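We begin with a single chain expressed as structure tokens, specifically the form predicted alone.
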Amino acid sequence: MQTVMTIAGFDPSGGAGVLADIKTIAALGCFGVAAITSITSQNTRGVYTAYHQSEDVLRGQILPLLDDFEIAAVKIGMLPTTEQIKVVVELLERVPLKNIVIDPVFQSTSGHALINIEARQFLIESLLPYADVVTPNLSETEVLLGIQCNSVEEMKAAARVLSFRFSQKKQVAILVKGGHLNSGATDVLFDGENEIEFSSSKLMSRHTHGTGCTLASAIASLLAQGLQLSDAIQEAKEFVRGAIQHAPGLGKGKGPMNHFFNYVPKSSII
């Protein structure tokens, strides 16, 4: 069994962040370990505040895991402070980790800022070049690039530009997620050589809390098991779609998905 590490925030409502990552990793057959960057106060209606962990606390969580486990992939999500980002960059410089998937979390769906401007710029300049794949949505792509993407063709151009911009240390693939386009649910990958579209019909559901976290941790889990990047993305998208379709219908806002929709309890097996 492959071990996948997630470095992300804690969502006590269970739909996003570390809890969503761990559920995804387990559902896809890997063993999840985690370091928490921030303890948030949130539910399906929104994020109300966040209590960021110090650099020493974050380092103290990650180092024992690296000393004890062979990490096959890493998913990095919410990193709200410059000090935390420096810790992660320092560790990536020291330890040759692979299959690094970064979901650049800048704000919640409800509009709550999850990183300050200084830390955001430092993340862009110092951390993203260590990624194997970065998975921005359209609003995050706008922050990274400075312009809006309103079509699949513009997403392709953005993915290509960002890939070249961040490929300073190694090839960085960019997956621009187009779930907020009116035309459908199309994501675009540029891996340094090829542009690949991943298209599906849009699901009309309010139960989409944590889709970005789930997709990124699913990609990391599938890369850990040896899938090629394009295959990992396709399978991860299908996983997210299934989790939305089988959502348990909880919460009064953007409800959580069902990460274990493929699990059949033993008591129900005839």
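One-based numbering along the sequence shown. Quantities reported herein were computed from a predicted structural model and do not represent experimental measurements.
If you look for the form predicted together with a small molecule, you will not find it shown, but the lines that follow are about it.
K.L.:
Going by heavy atoms within 4.5 Å, which of 100 to 108, 83 to 91, 156 to 164, 185 to 193 lines up against the small molecule in the predicted complex?
P.N.:
Contact-bearing stretch, as computed: 100 to 108.
K.L.:
Is the small molecule in the predicted complex near all of D11, Q42 and L114, within 4.5 Å of a heavy atom of each?
P.N.:
So, yes: the whole triplet contacts the small molecule.
K.L.:
With the cut-off set at 4.5 Å between non-hydrogen atoms, does C213 touch the small molecule in the predicted complex?
P.N.:
Taking the distances in the predicted complex, the answer for C213 is yes, it comes within 4.5 Å of the small molecule.
K.L.:
Would I62 count as a contact of the small molecule in the predicted complex, using a 4.5 angstroms cut-off between non-hydrogen atoms?
P.N.:
Contact check for I62: no, nothing within 4.5 Å of the small molecule in the predicted complex.
K.L.:
Look up in the predicted complex whether L123 has a non-hydrogen atom within 4.5 angstroms of the small molecule, and give yes or no.
P.N.:
Looking in the predicted complex, residue contacts with the small molecule do not include L123, since no heavy atom lies within 4.5 Å.
K.L.:
Taking the small molecule as it sits in the predicted complex, is P256 in contact with it (heavy atom to heavy atom, 4.5 Å or less)?
P.N.:
It does not: once the small molecule is placed as it appears in the predicted complex, P256 has no heavy atom within 4.5 Å of it.
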